[in-house]
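Just the one chain here, laid out as structure tokens, in the form predicted on its own.
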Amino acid sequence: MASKLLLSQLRNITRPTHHRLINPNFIFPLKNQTLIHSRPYSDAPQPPPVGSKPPPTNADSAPTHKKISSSLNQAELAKFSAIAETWWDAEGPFKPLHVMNPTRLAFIRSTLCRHFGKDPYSAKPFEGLKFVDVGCGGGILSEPLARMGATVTGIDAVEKNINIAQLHADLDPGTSSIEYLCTTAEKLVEEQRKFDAVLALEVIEHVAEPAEFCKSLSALTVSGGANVISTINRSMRAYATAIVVAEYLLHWLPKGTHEWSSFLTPEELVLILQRASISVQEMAGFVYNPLTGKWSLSDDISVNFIAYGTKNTE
């Protein structure tokens, strides 16, 4: 029953031709825990994979260290470190993100201008607002946000990514003011940093603990602020297109970039965001047109999708 209610609500928040917002007072039912895929984003300890090293003892892991690194996935960090120099190669491994970026920005401009009461047709609609781009990579999202007037902080756990992002930003006076930091969302929380909007695009599928990660995103957001998260649905269609086709047939991405078991369904994302005090207000899918080579927004969230939410007032 809870699954049917979630699916019904998701139909209401997926982005149609006209904007449609859900009732902000709606509470998603959490009683049916079978909705949650057996993936380590719950607060309960997870069994180690077969053949893995045993977990560290209590003496080996101080509470503060666990708090800082709870969402990091070292294997994923290594993947992106290996190809960091190619972030600004529009024909390289990150070509899909470069092609998708205008569509991602269209969703961000529309939803956040509405949220903050800004003019979406203004050259700098985000002037006066503080944004953090979590998992910024080489800065391909941070830079256009800065050009739209936002005071941007870009963070990434891979030092090579931050170095590339800083070098590229310094080439343009319009982006040289971006604050790039090699750090994690958890560390920023410890520093008590706060932002009007927190964005994490194509990141959550690469972290070890999505629930802890979302709690950190929430803690970084001012009361009543905005959150934007995009990822890939854990569907068979996503496996066929995002992994088999994109990685093994068309070679758009290096093989092994994604693991299907690490994807989240829209229902799961909504649930863990709700538990982190973030209410999803709108969701849209990204659809690729092979004839034009461009992406567009759609209400089809079966593969790539993006969600806009608001931090619950405290």
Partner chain sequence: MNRAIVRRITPNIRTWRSTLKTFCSDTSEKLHGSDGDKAVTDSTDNVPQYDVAIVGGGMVGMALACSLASMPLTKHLNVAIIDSNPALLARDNIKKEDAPDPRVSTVTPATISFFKGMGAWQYVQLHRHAFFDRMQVWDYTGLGYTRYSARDVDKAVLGCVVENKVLQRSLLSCMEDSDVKKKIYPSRLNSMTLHKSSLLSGTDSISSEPSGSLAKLNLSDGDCLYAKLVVGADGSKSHVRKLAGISTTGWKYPQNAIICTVEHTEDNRCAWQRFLRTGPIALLPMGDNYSNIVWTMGPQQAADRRSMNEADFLKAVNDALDDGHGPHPQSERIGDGGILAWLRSDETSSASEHFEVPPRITKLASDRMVFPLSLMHANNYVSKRVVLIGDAAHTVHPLAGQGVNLGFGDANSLSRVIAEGVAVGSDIGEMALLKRYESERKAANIAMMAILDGFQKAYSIDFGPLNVLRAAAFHGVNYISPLKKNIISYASGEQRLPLFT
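Only a predicted model underlies this, so the values are computations on that prediction, with no experimental measurement involved. Residue numbers count along the first chain shown, from 1.
Form predicted together with its partner chain: not shown, discussed below.
So, Gly128 and its partner chain: in the predicted bound form, are they within 4.5 Å at any heavy atom pair? Looking in the predicted bound form, residue contacts with its partner chain do not include Gly128, since no heavy atom lies within 4.5 Å.
Does Ser223 reach its partner chain in the predicted bound form, with heavy atoms at most 4.5 Å apart? Looking in the predicted bound form, residue contacts with its partner chain do not include Ser223, since no heavy atom lies within 4.5 Å.
So in the predicted bound form, is its partner chain close enough to Met236 to count as touching (4.5 Å, heavy atoms)? Residue-level check for Met236: no, no contact with its partner chain.
Is Asp170 a contact residue for its partner chain in the predicted bound form, using a 4.5 Å heavy atom cut-off? Asp170 belongs to the contact set for its partner chain.
Heavy atoms within 4.5 Å of its partner chain in the predicted bound form: which of the stretches 118 to 126, 184 to 192, 226 to 234, 210 to 218 has them? It is the stretch 118 to 126.
Within 4.5 Å of its partner chain in the predicted bound form, which residues of 86 to 116 have a heavy atom? Give them in sequence order, or say none. Counting only heavy atoms within 4.5 Å of its partner chain in the predicted bound form, the contacting residues of 86 to 116 are Trp88, Asp89, Pro102, Leu105, Ala106, Arg109.
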